[in-house]
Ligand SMILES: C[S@@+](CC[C@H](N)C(=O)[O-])C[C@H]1O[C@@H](n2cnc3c(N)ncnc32)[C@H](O)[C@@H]1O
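Next up is one chain by itself, shown in structure tokens, the form predicted alone.
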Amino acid sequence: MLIRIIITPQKSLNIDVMQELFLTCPGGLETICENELKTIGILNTRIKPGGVSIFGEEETIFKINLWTRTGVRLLVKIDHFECRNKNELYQGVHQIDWNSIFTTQNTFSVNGFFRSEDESLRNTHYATLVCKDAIVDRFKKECNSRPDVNKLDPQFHIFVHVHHNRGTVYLNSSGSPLYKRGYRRGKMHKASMNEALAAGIMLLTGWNGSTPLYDPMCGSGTLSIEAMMIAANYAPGLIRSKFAFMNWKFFDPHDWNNLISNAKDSIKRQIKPEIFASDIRRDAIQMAKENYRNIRDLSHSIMWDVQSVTDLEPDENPGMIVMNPPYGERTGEMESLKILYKGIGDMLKTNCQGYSAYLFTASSELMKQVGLKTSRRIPLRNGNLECRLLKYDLYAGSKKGKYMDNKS
């Protein structure tokens, strides 16, 4: 029997009733994102560009923020309206009962995505100012006072989406992006892969901890750490202490604490997956170790080593290799990177027989240098970069590894 759930615009918010939600994710991971929602019992889903649409209540909001690995922001829909110009944008935002959602004592911010034929709405900064003014004016009219804007650490995060003459207003239940788990506390390279993308890559490979995993260009350790969290069934939201929904009038700490307790109980503490992470830079390995130590209640060991990717010689047991080499963003890097990618291809052919290897890159020119036939090419986005996750199936053989027994 098919049950159709019809949601009408609220113009206010009540998470005790069914709400329309939207979970954003990195481009190319929409199917993976939906699949992981199904594993935690979220079934009313539909894939859309850039994320997954969901119907749910308070518990759904809590569970997704706690458990999603590939999601970036969980947005709760408040209202939608026709939006062909700045006046309709103002009126659409102004009509919402904001005082039922937060008070003049709270702080808020407005962010958005604006794509319109109207020239005034093509400027994101101007359009968000229109939305901010609409909210402030509504409070002034009803309360004779107004809440303050806080762009850095607001209590309420409002997101406005305008496309095809339609405006939609959401409340961001996550706050800061969910890929900010909380374990990466040192200075990160500007090209570092975010945690949601790293988790998505590991889920795309299908690795589940039953075979050895090698990450020979681990950098700050994100791929290896996310892999261990997947294998151990460790909810990524356990690391964070702060979500935007905790400031909502409807937040029930008792329900949230029950979910936290259940998530801790579900950690697979007895498993011992073999993860070997290495990098040519000693400071990168030190940072990766520190990041891993920041994860509470996860005592599983990752084997860390300092070595060049071209010196990798994995053990003879079949396993998997995942790597994220540089893409060549800076001028003058390309020639040296061609040598690196060729060396990676030679290493895979010579030392990694019987393994599956995955290489993530944004450069079609550098892909060619590997010199191996891909069995799969998966399009993904890393920020604004069009990327590919390349899979190589390497012929069988055997090699002995030389990894240091350097446990975290």
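Everything quoted here is computed from the prediction, not taken from an experiment. Don't overthink the numbering: it's just position in the shown sequence, from 1.
Unshown form predicted in complex with the named molecule; subsequent notes refer to it.
Only one of 230-238, 172-180, 275-283, 125-133 lies within 4.5 Å of the named molecule in the predicted bound form by heavy atoms, and it is 275-283. Among heavy atoms of residue 300, none comes within 4.5 Å of the named molecule in the predicted bound form. Within 4.5 Å of any heavy atom of the named molecule in the predicted bound form lies no heavy atom of residue 158.
When the named molecule is considered in the predicted bound form, residue 100 lies well away from it, no heavy atom lying within 4.5 Å. Using a 4.5 Å cutoff between non-hydrogen atoms, residue 289 does not count as a contact of the named molecule in the predicted bound form. Contact annotation for the candidate site: 193, 219 and 309 all lie close to the named molecule in the predicted bound form (heavy atom within 4.5 Å). Of the residues 366, 380, 32, 340, just one reaches the named molecule in the predicted bound form with a heavy atom at 4.5 Å or closer; this is 340. Screening 319, 147, 326, 112 for any heavy atom within 4.5 Å of the named molecule in the predicted bound form leaves a single hit, 326.
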